[in-house]
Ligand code: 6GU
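A lone chain, given as structure tokens: the form predicted alone.
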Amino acid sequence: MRLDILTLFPDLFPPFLEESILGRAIKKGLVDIKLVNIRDFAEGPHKVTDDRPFGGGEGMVMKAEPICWAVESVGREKNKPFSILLTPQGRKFDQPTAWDLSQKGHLILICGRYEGVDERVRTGCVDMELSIGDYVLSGGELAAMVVVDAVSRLVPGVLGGERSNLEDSFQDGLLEYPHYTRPRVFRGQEVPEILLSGDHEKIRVWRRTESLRRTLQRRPDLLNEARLSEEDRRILEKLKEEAGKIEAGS
């Protein structure tokens, strides 16, 4: 998979791209990430990429020409990539979106700055607007890193284990179950005995129950969209009954 990141600050990215799972994936050739400096496509001796907004107001707006020319330069290399503008006004980024994007083959991530980008970038150079949350950052670079990490780990071979990304939180609409490793006892807290039993079916049911319990307690809103089996629904009813008894007794 290839990702081109269009930014005014390419030096922010190398440490992020060189470490851990993503760094190994790049070395193996599973993911190809290129940094494109938007300033290289600006005109004039000073390579200006922003200007005052028409109509007045605070701040500066990123110019359309450098961004669109940068997008077009990448697109001319091969088949048309899928271009994304990182903006607080975009569609909220989630796990299903990450899966969809991982199937695209070639993405362009455009990092905005200042007060935003000229509206003609949105209408003429972008296939999707994407937001990583309801808050404002200084620029799209951190958002681009989030998207790169979430999407890259879904590329076959990046995580190693075939089921690793299938068991992540949000993968089936639920939060993930608790994890434990050695030592068996730490500061008086023991690993649940069932995880040491060797009974794979009981472990499976325990993990699913704890996943549902955690989701019910922390993100009950997710249950409205989660893919629940009949077994899940029975477990969930029991968990709700237990929670009701605890609440009634408190």
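Since the structure is predicted, the reported quantities are computational estimates derived from the model, not experimental observations. Counting begins at 1, following the sequence as shown.
We do not show the form predicted in complex with the named molecule, though everything after this point is about it.
Colleague: For the chain seen here without its partner, which of 97 to 105, 67 to 75, 124 to 132, 150 to 158 has a heavy atom within 4.5 Å of the named molecule in the model of the complex?
Modeller: Only one stretch passes the 4.5 Å heavy-atom test: 124 to 132.
Colleague: Using heavy atoms and a 4.5 Å limit, would one call Gly173 a contact residue for the named molecule in the model of the complex?
Modeller: So Gly173 does not count as contacting the named molecule.
Colleague: Do Leu137 and the named molecule come within 4.5 Å of each other in the model of the complex, heavy atoms counted?
Modeller: Yes, Leu137 sits close enough to the named molecule in the model of the complex that at least one of its heavy atoms falls within 4.5 Å.
Colleague: I'd like to check something about Ala143: if you look in the model of the complex, is any of its heavy atoms closer than or equal to 4.5 Å to a heavy atom of the named molecule?
Modeller: Yes, contact at 4.5 Å.
Colleague: Please determine whether Ser83 contacts the named molecule in the model of the complex, using a 4.5 Å cut-off between heavy atoms.
Modeller: Looking in the model of the complex, residue contacts with the named molecule do not include Ser83, since no heavy atom lies within 4.5 Å.
Colleague: Using a 4.5 Å cut-off on heavy atoms, which residues of 86 to 125 contact the named molecule in the model of the complex?
Modeller: In sequence order, Leu86, Thr87, Pro88, Tyr114 come within 4.5 Å of the partner.
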